[in-house]
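To begin, one chain is listed below as structure tokens, in the form predicted alone.
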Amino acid sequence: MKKQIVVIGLGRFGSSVCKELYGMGHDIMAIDSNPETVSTMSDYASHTATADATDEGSLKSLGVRNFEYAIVAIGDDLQASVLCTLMLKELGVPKVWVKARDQQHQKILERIGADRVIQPEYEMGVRTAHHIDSEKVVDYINLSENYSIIELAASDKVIGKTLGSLNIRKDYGCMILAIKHGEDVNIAPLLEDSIEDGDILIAMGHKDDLKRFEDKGL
């Protein structure tokens, strides 16, 4: 479904989000205080505007209250990020996602009502660390402090075996959400489904359990 999204702050993070969402067919308004930056995004947004996102009058005149989502990508300027988030919530934008530069910034944003806070550098750092720690890890997503979803490359130890015979939930406390084979994805695989060479297992569970499965089950 086509969504109406305003992206505020067109640095590397904001511009990447803007381009990707616009390419998916969503209605995008791109806002930044730098007119040169705004001009570079004219082909990647439905509407562009040069404006001070900390000025409530500017936000009102641009009609941001009519958008379903706002993405505040001015994380390097804590004061501007907080002010903009506050005004967007007061204007009634249903969902406000905000980029934070660190944990302290994230706590402030959560307290003032940000619907979701993103720390791109931290999240990428965690994923990179897991890639380096094990060559079996294809991708890694934090769900909370203790739970994650991880993509693991099937090893010779499990290739040719069925999920039922591996007893992954019983022995390791993990749930296999899907099995990827090339471009095909088997969602909610059955116990009798077998694992083939080149498969990627998408598992969810406690971080400690996932690590045990990664080390001993694969």
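Note that the coordinates shown come from a computational prediction; the quantities given were computed from them, not determined experimentally. Residues carry their position along the shown sequence, with the first being 1.
Keep in mind that the form predicted in complex with a small molecule is missing from the display, and what follows is about it.
A.B. asks: Taking 4.5 angstroms as the cut-off for heavy atoms, does Ile195 touch the small molecule in the model of the complex?
C.D. replies: No.
A.B. asks: Even though the small molecule is not shown here, does Asn167 get within 4.5 Å of it in the model of the complex, heavy atoms only?
C.D. replies: Judged by the heavy-atom cut-off of 4.5 Å, Asn167 is well away from the small molecule in the model of the complex.
A.B. asks: Lys99: heavy atom within 4.5 Å of the small molecule in the model of the complex?
C.D. replies: Result yes; Lys99 sits at the interface with the small molecule in the model of the complex.
A.B. asks: Evaluate Thr40 for contact with the small molecule in the model of the complex, applying a 4.5 angstroms cut-off between non-hydrogen atoms, and reply yes or no.
C.D. replies: No - in the model of the complex, heavy atoms of Thr40 and the small molecule never come within 4.5 Å of each other.
A.B. asks: Is it true that Gly9, Ser33 and Ala80, all three, sit within 4.5 Å of the small molecule in the model of the complex, judged by heavy atoms?
C.D. replies: Looking in the model of the complex, the three residues Gly9, Ser33 and Ala80 all sit within 4.5 Å of the small molecule (heavy atoms).
A.B. asks: Looking at 169 to 177, 148 to 156, 185 to 193, 53 to 61, which lies within 4.5 angstroms of the small molecule in the model of the complex, counting heavy atoms?
C.D. replies: Stretch 53 to 61 is the one.
A.B. asks: So the small molecule isn't shown here. In the model of the complex, which residue out of Asp133, Glu121, Glu110, Glu90 has a non-hydrogen atom within 4.5 Å of it?
C.D. replies: Spelling it out, the residue with a heavy atom inside the cut-off is Glu121.
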